[in-house]
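Two versions of one and the same chain are coming, encoded as structure tokens; call them structure 1 and structure 2.
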Structure 1
């Protein structure tokens, strides 16, 4: 044993070689600890050096830990300690003589010279060949528990050679702490698979995001900018509209200047305009600088490209009901051609809220209005507001509302706008404005939630309030006066054998089960929805038919979505449909085939075996799931 000074030098120096460890048995690391009284003759490959050095130094010399028989071979490890004469690792012993180590190495069939030893370094990537061996990572083809039990019960038998077929089941790596689990969690795979349809669906679409000045002073600002950069990387075209309202309010308060808003519009004098221009420019530089960093660890050659400027012209608000708004402006025209050209080149377009008139006069414009007008004139897919966390909830169920139709939002604003927080009211107001100009969906998000943009855009459930255009215009329950129209679109499909024949009397009897789409007084599509007897959680869809002149226009998808919403509101959680031909159509929309025996008993008894219809089932998860299905279909 070396004295203390020698041990200290050995522990602190970094030798240019890797000391040898030659052993017939070694101690099992903590991840493979077994009862002391039952030590199996288990053959295993030594663990990877980079993950187990620290544990190995603690456990190899511990007399309390059990041992495993290791296939006889010479192992070289990058440890400060080395093998003692009895084959056990001893941290305090000095390294063996180079010549002796090399001779011993050659005795075991290795032809490395002393020079080879000196040239080998452990860098986390390079491994000496004699220190490597193959192992299994617990494939599902063999039962680990039974193998362990067999090994324990036959511990006195000799171990199979690791190079024989019998030894395959015992070749496990005991080094990693969770050696039976993959290094990547299954949740990552599930999330990525769930997000991939949205990544594909959103590629090439335009999103307009309103960035409030308050976000810049919050801890999540850099994370939000990184998420925006990530959205651009996956192919979304982005326009950011900046609104430095909080900074302007604070500066005016510091200079003891009055702040006045009328109907959400700031009254702007010359000094206020100067402050707005200064702070809008400062905000623009901060956003650009943070965005330019891109995504963490992204190669510099793939950095985000940003372009900013005044991409819209403005005009004065003027004098309204005796109130002179001074240099406050409103959007006159968006330079759609210039913005689209930049978006097609892969740039993120950043637009401050300062607009200019043809005469060269600058105006302070409402940033929410700028965002809404940009989205409308660019025909954007989405308009997104980073809000303060406000949302809506249903007082009947005491649950938050994930989605709102355009008509419902307009009605709510007419009746309740006066009691809403100012920022939320503006976000809802300009969301409605954008949808009326052709934007498909608007989202009001809680900017204090980390990753809120990614969760709303790429997750099935979303986390914010979504306002969508009324995709179901003309949808309603059928009336007796619709029977002739229903027959007109059902009969051709009955003749083709796609639908089961329904006499007129049956349609009249079940008329309340039908939902129809009416356009200009004509029924163009229908579907039936009927709860199953004895089980209110189950309902059956049927008789989906679209007039031949309106097929391939998304009417079938819209009808299915409308009916699913209606069923969920009725308390239904399981939908079934029987089909003899349209298998793929329903599979593509989330239905899966089930056996007759999986249906409620009352429905099993009524199943017509002569038609041999296939049965498809879908679990209803809420209206937000329907929303997202419509997003993927670009409805």
Structure 2
């Protein structure tokens, strides 16, 4: 048994995992707070998510990543047993009282006091290999979870001494491997797990990020660059397009030169071009240097290099409606081949907004346009703008709009562009442009939110405005003229007993409940969606069928995604489906079985017991949940 002096010493110490956490958070720039002058319009539980990635970055990027596991095991070994002088552990023996300091003990042998445990969190990799052997062959036989929880709550002193003699005698239960998952760590695990499908889904895809000059002067700049480096490390191919507009405006003001924009394009004379070139160059160096710092913080990332240059050619905007735009240019051709070659090598490509014509003349180009054209011509998965925090609201419900379809965005711009803040208007305009060129999604993020890139890219809920291409071409509500086409798909399935029989008159009566996919004038899939009587939050799906020639092409998934979007927009939060043979298909798509008693009363009464259909339910958490399914399935 340890003597009382050891026990009291350990009782007043911090638990070993607390300094571990503190060490990580305090050494990282993410601990920085948001700029004081800007209050972000949205509040999210950002710190846990962001710190999850902060730690994940370290683990993913570290060549010592496997060792970090070992590091944990080392500690676990010492917590569950105590090293004897020959370096072996006996789980049931209490810690020996070695008298001197922990560091001293580690230097002279393998006996480990509880203080060693603290040290090992900082220094575990140098721990003797014998300790590791023990752990891999002997799982923990007891745990102190409740001690740790009590300790987290600062309940009492005795709880704060899990390694004291008292702690050892207070064994709780065998085989609980959650010993190292006290609540705070559990959040990390949950968040990291939640993001893993996204990490997988985004690997090898091209993202183009527009970096505004204003970002360089904000406290989160370094963090954003670190996050970009992390995105590269998890396999995303990145192109950064730089726009030094703010710096140029300021310099022009200093030199008492006029700043003139027409329709979002700067009128550029020779002196202005010179200033733009100078400031674009210094922005490029600044971004490269900060990015490199982010990258070199991560040992394995030394393989990632940053390349920059003029990867596009430009031509003059010219004279429009009598306005001579001088040296303002527009993108002529993106050097897709060169950029792709660099991306394939693992480089991050940085492109300033200066383009040159084949004759050697330089042009000042609108950086948002460059980003948009790059994204379009590179067939990028995403185009991301680091916006000023503008948020779109639905004035009817006062709810933030997290996503717009391409069509809605185009319509919104057509009707409302005049009243929008210029930067937001440009971001939206060039998002639409990119989507029309084949980019799947564009995002306008609030750059004042710490970790906003990670939140948007790796988290289901996202935090910005997303504009997505119409993934549902050919989807529409059914019309009476579709009845024969619908019967053509439904009848064979009714005959097999897969679908419930519906007379033609019923289909005609309920035609508005059907969604169909039309291809070359033919109905190739259908599904019905009907609100339940008496409960507007509930709706029932039915009659999902895909023409046999079009199965296994994702049409079923797309149909479900489309219908879920529709249902959510109609205010539905609970979706149900009754199925006799296809329940697995729905289970794999987030539905879970419920009893008939769990349905609203009116639906319970109509339940046909003779069919013995199973009932499946899905809670519609938000349109972003549907986006998730689309992202992960690459619809």
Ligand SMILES: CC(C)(COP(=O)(O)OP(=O)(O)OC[C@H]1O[C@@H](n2cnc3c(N)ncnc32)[C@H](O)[C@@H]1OP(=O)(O)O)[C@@H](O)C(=O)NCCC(=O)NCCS
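Take the two forms, superpose them, and find the largest set of C-alpha atoms that agree within 1.5 Å; that set is the rigid core. Not measured: the values here are computed from a predicted model. Numbering follows the first chain given and starts at 1.
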| query | Only one is the form predicted together with the named molecule; which? | reply | 2
| said: Once the core is aligned, does residue 499 move its Cα by at least 2 Å between structures 1 and 2? | reply: yes
| said: Checking residue 550 here: with the core superposed, does its CA move 2 Å or more between structures 1 and 2? | reply: yes
| query | Is residue 420 one of the residues whose C-alpha moves 2 Å or more between structures 1 and 2 after the core fit? | reply | no
| Quick one: CA shift at residue 582 between structures 1 and 2, core fit, Å? | 3.2
